[in-house]
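First come two forms of one protein chain, each written alone as structure tokens, so that there is a structure 1 and a structure 2.
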Structure 1
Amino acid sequence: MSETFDFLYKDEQTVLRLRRLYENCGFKKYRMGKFESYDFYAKNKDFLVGNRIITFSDLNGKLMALKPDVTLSIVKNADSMPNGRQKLYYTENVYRESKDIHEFKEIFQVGLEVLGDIDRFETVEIVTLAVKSLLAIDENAVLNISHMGFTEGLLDCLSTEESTRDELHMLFSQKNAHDLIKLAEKLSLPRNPVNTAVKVLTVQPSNELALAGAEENALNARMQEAVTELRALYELLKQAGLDKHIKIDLSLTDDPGYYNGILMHGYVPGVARDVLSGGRYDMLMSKMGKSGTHAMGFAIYFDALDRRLHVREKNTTDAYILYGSDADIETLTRLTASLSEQGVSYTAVTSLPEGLSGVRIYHVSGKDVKEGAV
């Protein structure tokens, strides 16, 4: 007998669909503890969303932290790579500042990570799974894709000064072409790469035009290699029929001390912020003492989806049992047992809620049971 899950909230149903999606592709579930030494996160604060960490002292006086991130935990505790790679997914709570309300929250995340040898196939598979994960949430979802090599190559042409590059990174992340032009004038930055940067930040053409423009404006080998990889990835996604859910956005950037290669941000209608983010983070592996090991993955932030997904598809109560103080307890017990055996969901109440429709009503008075419907 097949079992349905209509009684679950939409977010619970979504998690089950995502777990099946990942396990069907050979990913194994990763489970983590809630605590970690504070020093571990303090050394990697730049990788975290937000700078604040919830801390406490354990019974031995050691400063501990409630885990604000899953990826760092996976990288730290990764086993030796069987067959050259490790493919993991997770459904975990993290504890950190919320982007929406600027308060500490327990945030539920679902995500996956691939550690080890990441070839062209693995890259395509991860990006494909990112798109399919978004589509499990909303059929009109879009995944924005960029490449750190393009941004970093462009910044190579603009400035080698660390402070200037940091400011340019901030302006890119804000898509702030206006202040970038002002900074370029102030520092007399070279005109050609400035013009390219302004185009990237202000022009949002189709994917084909974005890639063609990037190819035309690739000012060095680093930018050209990035565009070549993006082009190849996009063509494969197009062949798979996923191109209408892809947006090439070369303005995306992140901390170059951790990220390299493909970057991803996912969006669904009705949510103002990204609900998925990820990419290639070989640099984090190096910082964690795992040089030569590659890594790529993404996370879905369910706190951003609370209002969309924390609803049920339909009324999960098939029947209401209306009883008063005179109702016979044995009669009520027999009725509820009978409904349960029939697979009928019920709610026993002393007064009916407003707006009911399409449900059965059992009115129990003394030992009498009268059945009706609304």
Structure 2
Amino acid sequence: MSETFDFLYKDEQTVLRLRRLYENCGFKKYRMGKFESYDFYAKNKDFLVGNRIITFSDLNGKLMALKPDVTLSIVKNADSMPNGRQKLYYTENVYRESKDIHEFKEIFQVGLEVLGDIDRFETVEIVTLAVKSLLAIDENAVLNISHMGFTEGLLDCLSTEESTRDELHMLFSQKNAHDLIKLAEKLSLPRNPVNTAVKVLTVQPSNELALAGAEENALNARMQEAVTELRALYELLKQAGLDKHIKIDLSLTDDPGYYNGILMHGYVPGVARDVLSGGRYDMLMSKMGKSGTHAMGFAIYFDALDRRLHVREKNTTDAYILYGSDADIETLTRLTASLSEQGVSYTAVTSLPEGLSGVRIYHVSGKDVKEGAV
């Protein structure tokens, strides 16, 4: 069994590890069809990454879409909630436009969602699973954690203008304190919250200092509530020994029409972008007509991990069988059966490929078999 596991590519091994991790915590696999009605995605376009969707007409002339997202489908189908909570995970391909190549791309995602009653325990469990998922990929992974309540509370003190808030969101996501100061001067934004915003955007040497700074600079009840939740979460993660993989970064922000609580972005060394993202998204639930239902989850983007994980340590071919037109077929089949029994992988060829090394060569001529190596 272990040999079979070793034979798999690292990304395949990682997916199996993640499945086990999630199923051990009571998550059930969610499987969705490849196609969904286009209307559904068109109505919820604001929640999709990118605006383009691959569409086609089905045999009845109905406009369908190749799924660009999994979360929306899970939310749509989650109407019955036994025991007040539904815990699902998925391993699915989604189809989105790629900003870089301006073409559609198939992206493999693994993720989990909890819908229903999300209490403090469930929040800690989801964040813990996010950290453990990253650690299944790399032992030096880091999960950035923030709270939308803190950021939005701070923006409430800065401006109620939608366009200004959009600009501030962008500056937060860039950690751009210098342009934030210029914008504040231009629009005469209140000084105290501007100073707090600049502190939030400045790098903090430790999580303790980041949290202490946030507690000290909570300017309203929304910020206070957020930082209290964040502090409690951090203490529990610390007790679990996961704090060294956590970075509290209150400049982290996202679409406030989607997220409303804890926000997460995960990174692994050697990959230039975030490989995990997620958080609490009650706002999406209420916009999809499920007010009062909480939701939280995350997704891991395997397209970002391709170069890192689509490799395997074991050679696909241990041996080459080189045979000519004079080779005896019975000898050949006996040889291949024997190699299979020994667990040796082989490729039968009539001419050897160039650049071989570290493999056995069986030269079959008539009923003779000569063994060698390169």
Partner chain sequence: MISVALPKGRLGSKVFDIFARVGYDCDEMHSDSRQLVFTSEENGISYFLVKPSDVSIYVEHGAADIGIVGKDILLEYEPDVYELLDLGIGKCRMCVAGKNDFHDNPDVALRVATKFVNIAKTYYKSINREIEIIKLNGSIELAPILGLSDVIVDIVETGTTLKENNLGVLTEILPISARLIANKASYQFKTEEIHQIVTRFSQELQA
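Only a predicted model underlies this, so the values are computations on that prediction, with no experimental measurement involved. What we label the rigid core is the largest C-alpha set whose atoms superpose within 1.5 Å from one form to the other. All residue numbers here refer to structure 1's sequence, counted from 1.
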Same chain, two copies; the copy that is the form predicted in complex with the partner chain is structure 2
Original post:
After the core is matched up, is the C-alpha of Leu16 off by 2 Å or more between structure 1 and structure 2?
Top reply: no
- Task: Indicate whether Tyr346 shows a C-alpha shift of 2 Å or more between structure 1 and structure 2, with the rigid core used for the fit.
- Result: yes
_Given a superposition on the rigid core, I'd like a yes or no on whether Thr333 shifts its C-alpha by 2 Å or more between structure 1 and structure 2._
no
Superposed on rigid core, Ser365 CA travels between structure 1 and structure 2 a distance in Å of 2.8
